[in-house]
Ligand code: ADP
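A single chain, nothing else alongside it, follows as structure tokens in the form predicted alone.
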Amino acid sequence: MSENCSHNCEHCSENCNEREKESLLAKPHDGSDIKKVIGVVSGKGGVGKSLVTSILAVMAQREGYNTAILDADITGPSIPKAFGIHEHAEGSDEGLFPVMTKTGIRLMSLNLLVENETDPVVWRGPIIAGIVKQFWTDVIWGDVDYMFIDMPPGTGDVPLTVFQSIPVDGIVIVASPQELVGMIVEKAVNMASMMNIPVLALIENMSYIICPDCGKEIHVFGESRIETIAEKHGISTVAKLPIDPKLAAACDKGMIELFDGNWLNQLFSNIKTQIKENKTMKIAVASNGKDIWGHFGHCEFFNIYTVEEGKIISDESIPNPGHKPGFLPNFLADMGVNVIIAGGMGGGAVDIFNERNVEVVVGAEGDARAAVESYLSGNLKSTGSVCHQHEHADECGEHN
């Protein structure tokens, strides 16, 4: 920051921490009403992540839910093939329309946009991540109960973009029985934890094969360790998928919607229960106890509102615990806060909140509870206000 800084960012081109950075959460298309979003992830490729995504979507559709799949695996988009979809997606001046499968599942994948589905995608990470974000913002998804996002393997640009820009309710981790699975799963769990996103389930694909003669389970890759790994990371829901030639054939023929198997029935039921529980959210407001405070870090209290199904069910007011740089954003995120509302906030604090997947709304004023109700009704928007008083920089999370 320049010594001659006036702390007025309106006409300043300097790139400093005092400048406000907006929440990275992206707004879906106005023609979309997406209620629950589940990411399907893996630490490495080739473990059957797209297969699991497809099965979960089919199960949700069979139960009568409006279901969609956003294929974020841009360089390896296999979802359309599993459903036998080869036509191109269409659009209008309003946006893109997803392609419907035979049973009504809505799909969007890069393979539905390129001229030839076998054309390679030779793009750099930021471009790929931008395409994924556009699938969320530019596609007219309509009314969706469950959206499943087929993530690319690993913890790079695209998974980070999804976690930061799309309000993911939880993730399902897919792994294989090989020895490295513990380390690979741990990376996926740690990334979810950093982004404040719950792990809903762990699925071990290719867990075993059924002997056609005696019906015995044969563990081709060794005995399963999924329960041990799940317990280590506090994952309560696990499932095992066998090596099933019929399932593989159904994918190859584009007939995944006809699969016959109950391996994931209980898992999907548990996922629905967990998401319903996780729909409880916490909104924090920097305040003087009643009204919104102008400077996030210098407030007297944080009013914490617990919300279920869009309604405030309880609230509490806690004193500001201190002003150490970077402390407050992590303090609130660790409390499970999903949204922070304040009059103004420094860029350092906003950065940390973004990293912890906490939405930031600044520029608010007036009664704290009324502001939360306005946010829940969709009427409270961030103005991009920053704390312009340098003496409050540390309290706002700045590092001088």
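Start at 1 with the first residue shown and count on from there. Bear in mind the structure is a predicted one, so any value in this text is a computation, not a measurement.
Keep in mind that the form predicted in complex with this ligand is missing from the display, and what follows is about it.
Hey, in the predicted complex, does V238 get a heavy atom within 4.5 angstroms of this ligand?
V238: no contact with this ligand in the predicted complex.
Counting only non-hydrogen atoms and a 4.5 angstroms cut-off, does S50 reach this ligand in the predicted complex?
Contact check for S50: yes, within 4.5 Å of this ligand in the predicted complex.
Is G64 close enough to touch this ligand in the predicted complex, meaning at least one heavy atom pair within 4.5 Å?
No - in the predicted complex, heavy atoms of G64 and this ligand never come within 4.5 Å of each other.
4.5 angstroms heavy atom contact with this ligand in the predicted complex for G45:
So G45 counts as contacting this ligand.
Quick check on this chain: which one of I128, I275, C251, I140 has a heavy atom within 4.5 Å of this ligand in the predicted complex?
Checked against the cut-off, the match is C251.
So which of E186, D157, D145, D244 gets a non-hydrogen atom within 4.5 Å of this ligand in the predicted complex?
The residue in contact is D244.
Given this ligand in the predicted complex, answer whether the residues Q134, N354 and E359 all have a heavy atom inside 4.5 Å of it.
No: none of Q134, N354 and E359 comes within 4.5 Å of this ligand in the predicted complex.
Which is the contacting stretch out of 326-334, 313-321, 229-237, 73-81, given heavy atoms within 4.5 Å of this ligand in the predicted complex?
Stretch with heavy atoms near the partner: 73-81.
Residues within 4.5 Å of this ligand in the predicted complex, restricted to 203-228 and counted by heavy atom
N205, M206 sit within 4.5 Å of the partner.
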